[in-house]
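First, one chain by itself in structure tokens, the form predicted on its own.
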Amino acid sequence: MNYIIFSGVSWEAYSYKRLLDVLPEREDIVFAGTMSSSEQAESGIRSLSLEEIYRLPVKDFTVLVSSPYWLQDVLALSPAFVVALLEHCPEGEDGSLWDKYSGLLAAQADLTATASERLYLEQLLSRSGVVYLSGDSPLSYGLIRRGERLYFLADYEAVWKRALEELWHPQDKAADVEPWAAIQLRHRAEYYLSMCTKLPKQPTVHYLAASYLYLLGDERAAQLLTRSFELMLLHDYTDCLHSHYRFFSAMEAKRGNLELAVRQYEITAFTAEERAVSEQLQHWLDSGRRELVQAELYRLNEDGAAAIRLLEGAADPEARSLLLLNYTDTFQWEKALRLQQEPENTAGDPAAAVLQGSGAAISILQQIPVMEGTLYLLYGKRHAAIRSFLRAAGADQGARALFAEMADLEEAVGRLRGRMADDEV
């Protein structure tokens, strides 16, 4: 397998060297930037400029990208596969811009990986194909040989290796093999279950155990969440109705107990907007539109991935508006635009496009030109992006903020390319 590494830092500061050592079927590996002769010889990786990378047969390469500001180049190159290595916003960068384009990078990626457990959980609730690049097991989960060196694999390294292998060689779904994503979820759940025994009065470890069990579909999740909620109350955390109790509604929705799930959400509905959501859920429930209730409860608990899986196969016409919203929330904007453009899409009606009181106070239709313009910008169509942003601004003259963000992105991309060019001098 061939790889191109798009880093946000120099080779010396690159933090994924060990993961590169255990890449499966390593052949040609290219680093976008400068490496010394000794670094190239020691790592078995060659360095190329961006211009040289554009001349490679990129359809034979997997790109490993750890800065969202490479996204324009990644889309222009159109490699065989894209692996997003998500990181927290580094010092000196705009946090909101970094997070937005990291979300767009993850949505474009064939595989997403991160060493941050918070980002790992966030991504699990947005999409499939997410690897956690850390672990707590002292055991070896296999070994590989590189020349004269043996590498004993940690649990997450074995998952990383298998996930990359399956990009090029997908497993037969009928095969009796546990998916790598389920293996890693099980490892995390087992770790936090053991921590619950060691730290019985810590609400956070119980909550994390509940979260992983929920993602695994394990009914013990409710028991762990109950314990976490009780401990939060004992510690006088008064905001845990939203952060903890509402989670019960997603768990009951997953079990099919929608009447109970709606009541549980209603308990956490304090604002006028939340109460309107509660009324909508009850209306759908009374009308027998159970798929809408279940999907919206997932979304309200930030589990867009579960909502999308359900809505993509739903027959209810109104499911399309909910699906459009979930695609938007999870940065799957190309899917959102394709769905909105389909003639039978009920979101073509502005009244249907606004999910009243659901937290989506702005019409989906008003967001479409913004998403369209952003994607045009990422694909190098600057003039088309400007036209979309002007259409999004409309009579409100709100284009200034959109153009300011466009300038901020171009500046961030320029800084990244400038750092690489400086290294090459």
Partner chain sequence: MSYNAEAKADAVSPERLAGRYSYLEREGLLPLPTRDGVTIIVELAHKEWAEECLKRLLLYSGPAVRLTGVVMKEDFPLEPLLEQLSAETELSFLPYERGNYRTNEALADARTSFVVLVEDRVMVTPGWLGELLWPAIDDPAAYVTAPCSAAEEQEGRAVLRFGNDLELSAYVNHQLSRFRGEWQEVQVLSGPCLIITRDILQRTGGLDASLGERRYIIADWCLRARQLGARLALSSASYVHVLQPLEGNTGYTDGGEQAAYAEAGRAYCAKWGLPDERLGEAGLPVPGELSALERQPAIPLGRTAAALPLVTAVVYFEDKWPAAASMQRQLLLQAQQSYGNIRWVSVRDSWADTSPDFPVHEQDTVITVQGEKLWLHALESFSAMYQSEVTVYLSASVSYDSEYVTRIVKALQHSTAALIVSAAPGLAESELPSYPERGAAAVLPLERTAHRGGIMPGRIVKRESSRRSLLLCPGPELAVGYIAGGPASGAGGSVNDNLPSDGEGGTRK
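Positions refer to the first chain, counted from 1. A quick note: this is a predicted structure, and the numbers were derived from the prediction, not measured.
Here the subject shifts to the form predicted in complex with its partner chain, a form of this protein not shown in this document.
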query: Heavy atom contact within 4.5 Å of its partner chain in the model of the complex, the stretch among 240-248, 155-163, 260-268, 288-296; finding: 155-163
query: Non-hydrogen atom within 4.5 angstroms of its partner chain in the model of the complex for each of L143, R186 and D218; finding: yes
query: Its partner chain contact in the model of the complex: S137, any heavy atom under 4.5 Å; finding: yes
query: L213, heavy atom within 4.5 angstroms of its partner chain in the model of the complex; finding: yes
query: Its partner chain contact at E190 in the model of the complex, heavy atom, 4.5 Å; finding: yes
query: is_contact(E91, its partner chain) in the model of the complex, heavy atom dist at most 4.5 Å; finding: no
query: In the model of the complex, the one of Y151, W284, W98, F81 near its partner chain [non-hydrogen atom within 4.5 angstroms]; finding: Y151
query: In the model of the complex: members of 9-34 within 4.5 Å of its partner chain, any heavy atom; finding: R18
